[in-house]
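Take a look at this one chain, the form predicted alone, written out in structure tokens.
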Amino acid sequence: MHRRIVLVALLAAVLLVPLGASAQKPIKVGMPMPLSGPAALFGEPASKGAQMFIDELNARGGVLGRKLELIVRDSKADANEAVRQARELILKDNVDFLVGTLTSAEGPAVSVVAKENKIVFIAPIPKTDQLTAPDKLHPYVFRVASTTTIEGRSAAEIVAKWPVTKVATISFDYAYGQDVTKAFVDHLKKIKPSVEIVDQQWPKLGEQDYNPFINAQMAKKPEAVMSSIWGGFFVTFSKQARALGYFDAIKYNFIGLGEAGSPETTKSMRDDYPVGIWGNSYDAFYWGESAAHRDYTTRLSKYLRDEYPSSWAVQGYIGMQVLTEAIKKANSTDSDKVAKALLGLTVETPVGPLTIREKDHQANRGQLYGKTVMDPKYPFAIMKPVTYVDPTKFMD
């Protein structure tokens, strides 16, 4: 009898341990994100923002009684590498969801992988309209970033108020650059018909020598320029442009999209930054628009141990926040159920309420815009006044 009791107890223990262990397995989230090269200027803080959200969530007990685990892989801002990393994350690391990518080449490529594997993919940064275009949209892709249409039209509204008629553009020759430039030009011509586009330059993504493009553009004598060169590439471009007197020639009537006004960019350049241009950013530690944003900024500053914390962290943070709220709503980690829960979902984020539209899986994500100036409070340029541009009227 004693042996039977012992055997029954042992058998029960063997059966119960896997069940208990399974219930406590972390929810794995894979993040392909550039962590090296010029794109790391934005990719690294975005991944840290995601990790901060997860650390805070796990400290409160996680979601559905389970902790979250973030697995970040360096996509190198390359579409092929992002696809390879996404497949590995799904097949080898057995992630439950994907949140990530940065460039508008990576996002659509990883979206195909998500569709093939029927796994929810939330894009926190890629803006190209092609990501959620009707012929590319599928049940598992969602975006909490802005779009090229929103960004291009927002910039056009600003430039239309300048006393200029001869406008030029310079953008990388790939999805993001092409799409945002088209949106900018089309909208500018619509709201200010007197504008003439006198020049368009298209360096390849990753270009390091911008001198030929700058000289060619200066020869056309534009009065204003819209650029969407971003990240560490903008740093290189603007240093070369300043040396050639480019910004002086157009009287600093220059608007840098691709977050040329972000704290990461101005901090990294310091005295080399072309103060006086206009720029945009997803966030700014000095914005302080609401109590929620001020609280987030304080926590981020402590987390990163940085008095002037990153703007890009907010996109990784929001991506994880939206995913977690969908998991709660679905009461499941099943991708099909979470995908349905994401439709029409509204989440209170550090930058205000964001809603995922059902028709195109797109969040109403706008950005901050402003003219850059030097402020005695900071050792680098800031946007002042900094204004959040509501994207609603620019969303088709």
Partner chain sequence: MLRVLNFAHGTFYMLGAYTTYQFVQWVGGGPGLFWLAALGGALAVAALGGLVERLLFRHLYGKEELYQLLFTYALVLILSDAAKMLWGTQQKSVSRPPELSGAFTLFGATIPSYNLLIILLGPAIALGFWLTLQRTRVGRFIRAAALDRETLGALGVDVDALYTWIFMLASFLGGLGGALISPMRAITPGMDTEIIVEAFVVVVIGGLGSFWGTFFGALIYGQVLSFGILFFPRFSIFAVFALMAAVLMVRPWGLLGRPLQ
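As the structure is a computational prediction, the values presented were derived from the model and not from experiment. Only the largest set of C-alpha atoms that superpose within 1.5 Å between the two forms is called the rigid core. Numbering follows the first chain given and starts at 1.
FYI, the form predicted together with its partner chain isn't displayed, but the following is about it.
Contact annotation for the candidate site: 36, 41 and 212 all lie close to its partner chain in the predicted bound form (heavy atom within 4.5 Å). Checking 239, 299, 192, 166 against its partner chain in the predicted bound form, a heavy atom within 4.5 Å turns up for just one residue: 239.
This chain lacks the partner; the member of 289, 186, 157, 272 within 4.5 angstroms of its partner chain in the predicted bound form by a non-hydrogen atom is 272.
Heavy atoms within 4.5 Å of its partner chain in the predicted bound form map, among the stretches 196-204, 148-156, 290-298, 275-283, onto 196-204 alone.
Of the heavy atoms in residue 264, some are within 4.5 Å of its partner chain in the predicted bound form. Looking at residue 247, you'd find every heavy atom of it more than 4.5 angstroms from its partner chain in the predicted bound form. Proximity of residue 178 to its partner chain in the predicted bound form falls within the 4.5 Å heavy atom cutoff. Though the partner is left out of this view, residue 95 does not reach within 4.5 Å of its partner chain in the predicted bound form, counting heavy atoms only. Within 4.5 angstroms of its partner chain in the predicted bound form, the stretch 217-240 places a non-hydrogen atom from each of 231, 232, 233, 235, 236, 239, 240, taken in sequence order.
After superposition on the rigid core, the Cα of residue 307 moves by less than 2 Å between this form and the one not shown. Comparing the forms between this form and the one not shown, the C-alpha position of residue 214 differs by 2 angstroms or more, with the core used for superposition. Relative to the superposed core, residue 296 undergoes a C-alpha shift smaller than 2 Å between this form and the one not shown.
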